[in-house]
Every structure is written in C-alpha cells, then in structure tokens.
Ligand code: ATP
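Presented as structure tokens, the chain that follows is alone, the form predicted alone.
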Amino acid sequence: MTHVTTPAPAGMSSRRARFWTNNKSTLIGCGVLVALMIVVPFTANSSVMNIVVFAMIFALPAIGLNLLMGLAGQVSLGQAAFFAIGAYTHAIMLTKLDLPGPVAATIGVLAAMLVALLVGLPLMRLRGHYLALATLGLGFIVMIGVREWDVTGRTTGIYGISRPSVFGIPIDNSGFFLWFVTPFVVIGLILALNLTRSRAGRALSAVNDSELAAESLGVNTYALRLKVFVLSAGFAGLGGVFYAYQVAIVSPTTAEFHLSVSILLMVVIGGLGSVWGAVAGAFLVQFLGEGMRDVIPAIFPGASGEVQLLGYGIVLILVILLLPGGLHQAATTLWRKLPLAGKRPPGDAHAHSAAEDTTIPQLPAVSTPVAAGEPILVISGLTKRYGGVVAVDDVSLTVPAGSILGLIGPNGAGKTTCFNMISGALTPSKGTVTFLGQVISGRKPHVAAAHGLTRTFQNLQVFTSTDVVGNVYMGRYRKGRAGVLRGMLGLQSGEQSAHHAAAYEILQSMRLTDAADDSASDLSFGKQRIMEVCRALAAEPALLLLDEPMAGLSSTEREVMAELLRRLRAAGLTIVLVEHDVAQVMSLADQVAVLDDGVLIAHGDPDSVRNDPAVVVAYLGTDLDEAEAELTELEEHA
C-alpha cells in the first residue's frame, strides 16, 4: 500500500468551522424547543395544549418517515401501521400482562421494528410507486388485523391504559405529559440529525442522487435502506407508545389510512430531508387538522369523518405546486437573503488556489495487492445478449497488475457494456469476471468495490446534493467503519475528519481545492469529470475503470489527467481506460484491446494494434483487403 501524507489544506478550517456550527445549531435549536415546551403549559389554553401534545407525539413518526423518504428516498404509505403496532403492543403488555411501563414501551418499539425488518426484507427490493403501494397494503393488513383479532379488542380496541409515573410523580395532566414526551422528541431529533451528517447518512444521500455510483463506491444500498426502514418504524412505534398513554385507549383508528396521510403531509410540508422540518410539519398539520374540522363542515354541511381528507389533499397539492421544498425551503431561502448569510469565512480554500498551483501535486494513495505483471483481472468468455441482439460477444482478456489497458472501438462497440459487466452494474449472459482471484461477475457493484475495484462513468454520475469535497469524501466510504448506530450516537468524528483530510488531498492532486466547497452541480462539465476521477481515487482502488475520463476536458486539464495516470501506474495502480481519443490511449496504455460490434478484434501493444488491418477497417470503414494493401504501401514508403 502506497500512502502519501500532506498537511490538510487551509480550507479544512472552514470544514471544521462548519462541523462546530452544525453541532452548535443543533444544541441551540433543541434548547429553544425545550424552552418553548416548558413555557407552553403556563400560557396555552386546554385546546392549544392538546394540539401541542399531539404534535410532539406525531413528530416522532414524522422524523422517522423523513429519514426514510428524505434520506433513503423510499416512499412509504404505511407509517400508521408501525404506529399502531407500537401502540397496540404497548397496550397489551400493560393491560393484559401487567408489565412495567418502561418494559412495555420497549417491547412496543421493538415489535414495530421487528415487523419492519420482516416485511422490509422483501419490500426494500422495490422502488418508487411499487414500494409505496406495498406499504399501503401493509397498512390495510394491520388495520384489518386489529379490527378482527380478539387480542386487540376488535373494533372496541384496548382501553383502561393508565398514565405513567416518573419518580413517583403521576403524569396526570397535559402539561406534565408534554414535559414527559419532550425529552424523547429532543433525543430523537439529535439522533436523526447525527445520522443525516454521518457516513451512513451521506451514503443514503448519495444513493438518492445516483444509486449506481454509490454502489460502485462500496455502498450496499439494500442493506442500508433496510436499516433506515427499521429505524423509521422504531420512531413510529415510539410515537404509538406515547399516543396510547395520552388517549388511554388504542382503537383501529390508529392504523387507518388517513393517519399515514397526515404523517406524510407533515414530512412534505416540513420539507423532505429536513429533520427540523418534520417537527415543524407536525405542529402545522395538527393546527391545520383542527382548522379542517371547522372549515370542511362549513363548506360541506354535515361533512365528517374522512371528508376531512379533502382539506389535507388540497393543502398537499398547494405545497407541492407552490413550495416543493416545504417549510425548510422557505426558511433556507429567507436565510440566504439575510446580510452575510452563506458568506465564506476568511481563510477558505479559494484563497489558497493560486499558491497550490505553484506546487507539485501530491499523488493519491493507491492499493497494490499483487505484484506487478501478475494477473489482477481475468475476463473469460464475457457475453451480453439483449433478446436477439448481442452487445458483447465472447470477450476474453487478462489484465496484468500495475499496467494501463486501453479499451477502444467505434461508437456502439460494447465498451461501456463491458465496463458495466466487470463492475457488476450488469449481469453477463455468459462468461465470468475474476478479480484478485474472486469471481465478481453477476454480483452487485458494492461487492466489486469491497475488493478494491471502482470506476467512473461515461455519463457523469454526480452527487448533486452535496459539495465537491463531499463527492470525493464518498469515495472514502469503503475505508470507513461507522454504521447507522455509531452515526446516530455521533461516535465517528475522528473517522470523518481523517476522510475529509484525505478528500482534500485527492482534490489537491488534481488542482481542484479552489472549488472544494462549491456545489458539485455548479461545476463545469470538465471539472465534474475531474471530480468524478478524484472520487474514484479516494477509494484507494486496486483496479480503476475509467470510462472516457478525458471527455469535456480542456487541453491543460487533459495534460494534468494524463500525467496523473502515468504517476498512478508508476505507483502500482492498475487502470482500464475507455477513451475515444485514440492518440491519447496509444500514448498512455501498455496494452490496447479493440472491440467492434461487441467482438474483440485486436489485443496487444499499441504499435501492433495501431497497424492491425482489422482495427483500420473498424475505424475507417474500408474492407480488410484494402486496409492490408494500404498498410503494406505505407510500410514500403517508410
């Protein structure tokens, strides 16, 4: 393993400042929320108190759903099912088994999480509206189940749930109950905020931007989404526990569809991806719900029950049309208009770009697990069929370690299809891909990434939800160890700092630190291409697949890229390079392989491939006899 250590760029000070700012803002926000909840019982009437208590209760399932939708990108219409499971389990434990309150509450939350795990194993393989419909079906199953099961009291439900006592003090009024639930909401907020800023949270945001790119960096998207699905159910189950205490009865209404709609509305109004937005949305929807009880009957005399959903639907449509980012978007927009908001502090990375340009770029760390010249990648009979069309036909190659293999061919020759099969993005119709002695063909991209294979893409896969250094930081994912639990508890600051420093070093190697804190989506196409290469290098791969890395680069950037590839090869990194600039490939590659119509027509050193008649035919469109004659004539004149 080759490592290069350089001092962290001065721009790192802004990252540390941002880290402390985030934590400071969390503490201030939680402090303000606690202060408000302490004051409310002394200032609000009973009606407002009731709304505030229920808003705090429903903030918990809203936070959970926000993590699932805003962070994991999974739409669920079954949050009420887990809310009901938590409430019913808690009530059964209290009334039928006479267990202590804390034990009953814990079992209620665990029951919701267990059900989520069992149903999530198959459901998390679904995407988009398929998952939404499946979770909707789960909600109906739970609702029908509690109505028909004797243990749950059928339509009557379970009643007689007594309020808890804390340190011998009975929680027998709304004020005490608000103070009772507030610490749990605050803890839930902190845990959720920590998760969004953690390794797992960043990975989930990356998955939302580009699942293929995230998996190619080692993210097991299925496992990560499943964990967040279970976590989201835990938040909902805890909300159900407090609901059972507050109303002293649990009935089938806790599992009805309109409750899932209400929780969804809280998340959308608050702003997807914003934990604080989920809490604000819970308050707004609760106050809105009270208003709907007065407004809807006034508009539709005699209207009751689910007619109230009309109001929710109208509000939801208006929010999506007028404020798709919810309250979070409105607050962020307002903040940016304030003086000095969003301004970069002195000493930011931009101030050091000129100085960096006069230094020799540092070489990123690379992995060299096998001796130079030994086979690192073996492709045997690789074939991909789409119905009657053969995109890649029986390709076999061996790539020696510490070399650059150029893979060229006309448009549509099958180069990217080969890359996709090697990295795991596509399953071969036939053949195998062996990397470091392990067969990786037909397996997910994160499996190949775990062994040290990573790639870039012909069509850029940029994580637009974060900045440039955040994109490169994601390349360090497989080097990290902190999971969802450590992320929630905030026990990974040391790991994060080390990976941020490494990300800056990678950016420095490609002279991109001046844009480190810029939004990745704001970069020019060429710089996005460079950033993607930096992201791949951040993984310290043993094998790097580059799909047209020179496309869109200026002449200066192409020279920097070419020099970097030569230095990486000298350091022991193995590179497979797809590039349309044949002259550049010939100058860089140790070996060149040529595909035409999915068939490997030539493979060897650059000189022999350049003079191969079959290659000339593929590129010039002449027939084989003419190509051989032209080459013979050129050799005679030479």
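All residue numbers refer to positions in the sequence shown, first residue = 1. What you are looking at is a predicted structure, and each value in this text was computed from that prediction instead of being measured.
This protein has a second form, the form predicted together with this ligand, left out of what is shown; the following refers to that one.
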Contact with this ligand in the predicted bound form, heavy atom within 4.5 Å, among Ala214, Met113, Ile404, Ala413 goes to Ala413
Considering this ligand in the predicted bound form, which of Glu256, Asp209, Asp518, Glu548 comes within 4.5 Å of it through any heavy atom?
Glu548
Please pick out the stretch from 224-232, 461-469, 381-389, 137-145 that is in contact with this ligand in the predicted bound form, where contact means heavy atoms within 4.5 Å.
381-389
Verify the contact flag for Thr417: yes if a non-hydrogen atom of it lies within 4.5 Å of a non-hydrogen atom of this ligand in the predicted bound form, no if not.
yes
Taking this ligand in the predicted bound form and a 4.5 Å non-hydrogen atom cutoff, the residues of 502-532 making contact are none
